[in-house]
Ligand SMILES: Cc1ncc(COP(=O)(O)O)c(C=O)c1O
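Okay, here we've got a single chain as structure tokens, the form predicted alone, with questions on binding and movement later.
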Amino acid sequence: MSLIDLRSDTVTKPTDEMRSAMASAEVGDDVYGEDPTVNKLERESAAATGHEAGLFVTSGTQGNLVALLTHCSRGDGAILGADSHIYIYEGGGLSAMGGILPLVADDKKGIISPANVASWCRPVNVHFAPARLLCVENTHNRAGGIAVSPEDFGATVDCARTNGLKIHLDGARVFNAAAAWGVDVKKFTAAVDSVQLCLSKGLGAPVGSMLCGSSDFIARARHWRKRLGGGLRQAGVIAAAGLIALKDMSRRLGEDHENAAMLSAILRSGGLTVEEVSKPTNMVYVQLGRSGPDSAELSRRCAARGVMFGVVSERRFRLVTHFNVTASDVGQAGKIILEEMKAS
């Protein structure tokens, strides 16, 4: 039985080209700044995002945490979405490690509105933790994988600038956002002070993320990476895959979006409630009705037939297309999910 894994784009396998590049990578000690492959990846990531410098980190969570620790001091406030990845899925690192206070705002539509940003920029007062940083996410996972438009993104960023805030972009899937809108990724990444982007999701590398910003910011971020135990040695072995992910895999993300649209259409035609998103990407969220199996039971049934997906809540689940999922896989997965719903 073949496996169709739709739990996340984090399950992608490195390509044959990546494996070959990893095997022959030129390496050195990256803590000393001597790994030529890592150095190249950092330069190319910075150039791709419109920044001066880049830093190779082990994960998106580490990249976001390093960014927040670099931008903020203990007792500072960071404005971030109630549904954001940083707030919900990163273990409270900003508070545990940095003493940073989350200033939580509504981001159900994928982006915090300018008015909501402004509401947290309060007058100087000894009672308030001062807002220093705005964190935005694009694409936005819990909002359905929505690609926030350049216009809405720009309006929120401009408001933050007007109010004296620094801006960090959790761009784990920012290349998906750029592909969805048909724009250069710099439309989003160059507008912010720092950006974290994952090489190991839709871009298909086996591990790693990039943090990009000004030269001064990255110099300070490198110190925080070391403090967090993220100093790497002969990391060119994995950076080699990251170079291919950045250069080549970002060009094919539209295929994943098309497959997700196909999957949505199949599930809708079978009577399931697929959440509508104004600009969808590679994620499909489904809401189950009151009758029939819940998400966990449906997941168990489908997994037994080789289709895996993520349970979000009792009656909500998520499917994510990626490089290792074909159009044929999507058709088969949709068929199995509908059959198991009817079997109830």
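As the structure is a prediction and not an experimental result, all values here were calculated from the model. A residue's number is simply how far along the shown sequence it sits, counting from 1.
Heads up, the form predicted together with the named molecule isn't pictured, but that's what we're talking about next.
The listed set Asp152, Glu90, Glu255, Asp248 contains one residue whose heavy atoms approach the named molecule in the predicted bound form to within 4.5 Å, identified as Glu90. Among Met210, Ala172, Ala177, Ala241, the residue placing a heavy atom within 4.5 Å of the named molecule in the predicted bound form is Ala172. Note that among 267-275, 215-223, 191-199, 126-134, the stretch whose heavy atoms approach the named molecule to within 4.5 Å in the predicted bound form is 191-199. Contact annotation for Asn64: at least one heavy atom lies within 4.5 Å of the named molecule in the predicted bound form. Although the partner is absent here, Lys187 lies well away from the named molecule in the predicted bound form, with no heavy atom inside 4.5 Å. Residue contact check for Asn39: none of its heavy atoms lie within 4.5 Å of the named molecule in the predicted bound form. Proximity of Ser59 to the named molecule in the predicted bound form falls within the 4.5 Å heavy atom cutoff. Residues of 307-338 include none with a non-hydrogen atom no more than 4.5 angstroms from the named molecule in the predicted bound form.
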